[in-house]
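The chain below stands alone, shown as structure tokens; this is the form predicted alone.
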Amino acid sequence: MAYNYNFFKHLILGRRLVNDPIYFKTKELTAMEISKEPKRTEVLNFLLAYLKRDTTYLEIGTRNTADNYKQIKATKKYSVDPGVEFFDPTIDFKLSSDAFFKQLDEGSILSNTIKFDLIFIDGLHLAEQVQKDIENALRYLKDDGFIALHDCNPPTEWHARENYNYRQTPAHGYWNGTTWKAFQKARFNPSLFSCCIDTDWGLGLISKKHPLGKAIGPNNPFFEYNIFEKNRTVNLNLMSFEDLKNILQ
């Protein structure tokens, strides 16, 4: 009788995973994160409404405009995405974020004097790129504006893996990448205020002016996940949406 090696390999692997407490806990935390409310769109629209004026919104890493962008309530809004994962013909600037800001600096798109009320960063979820996006966003942010970043609160180390394509983990295809490291670095900056809303995989907020939360000392200089995890509430200034409303009231 011929045996299908791959079939038995996956069968045995599947049984091991199901009985693995780490696998089970990761699956539980994934489901918990998916169920959290509100979603990022509601928080972003709250920030825009809070400013009580005509607003200009920029979204970096839009992917499918139906997911968030089309629901954003701003006077003017612009979307940026290179179309690698999902081609959406309605994207305003089919560019990488680096190319977008370079052309913005040169004045070849929009105007190099433009300032945004809210910039939402949801592009490549790797710390080096997110750090570049934060630095560029700060240059084009109004003094009382906000930067928001998706995926700042990975529930496990599996969700915070560097390689998106490595899916044979307890987190499966769910991926927050290393965005948390770039946000953590912003939390070390004494010139910025920041917090993370505990919903939708963690919505990090950065402001030059609004008292979202003071900086912390560089307590994790090598950005190790286990150190981050031990005190994530302080490291992220993790709070609820209601807490944010109370701060900004």
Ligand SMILES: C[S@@+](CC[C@H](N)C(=O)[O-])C[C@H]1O[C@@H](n2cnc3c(N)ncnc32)[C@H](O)[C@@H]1O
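Here the structure is a predicted model, which is why all the values come from computation and not from measurement. Sequential numbering from 1, following the sequence displayed.
One more form of this protein, predicted in complex with this ligand, exists but is not displayed; see below.
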Stretch from 119-127, 102-110, 137-145, 153-161 whose residues place a heavy atom within 4.5 Å of this ligand in the predicted complex | 119-127
Looking at this ligand in the predicted complex, do all three of 198, 234 and 238 come within 4.5 Å of it through at least one heavy atom?
-> no
Is the gap between residue 42 and this ligand in the predicted complex 4.5 Å or less for some heavy atom pair?
-> no
Would residue 79 count as a contact of this ligand in the predicted complex, using a 4.5 angstroms cut-off between non-hydrogen atoms?
-> no
Mark residue 114 yes when one of its heavy atoms lies within 4.5 Å of a heavy atom of this ligand in the predicted complex, and no otherwise.
-> no
Evaluate residue 173 for contact with this ligand in the predicted complex, applying a 4.5 angstroms cut-off between non-hydrogen atoms, and reply yes or no.
-> no
Members of 81-103 lying within 4.5 angstroms of this ligand, judged by heavy atom, in the predicted complex = 81, 82, 83, 84, 85, 95, 96, 97
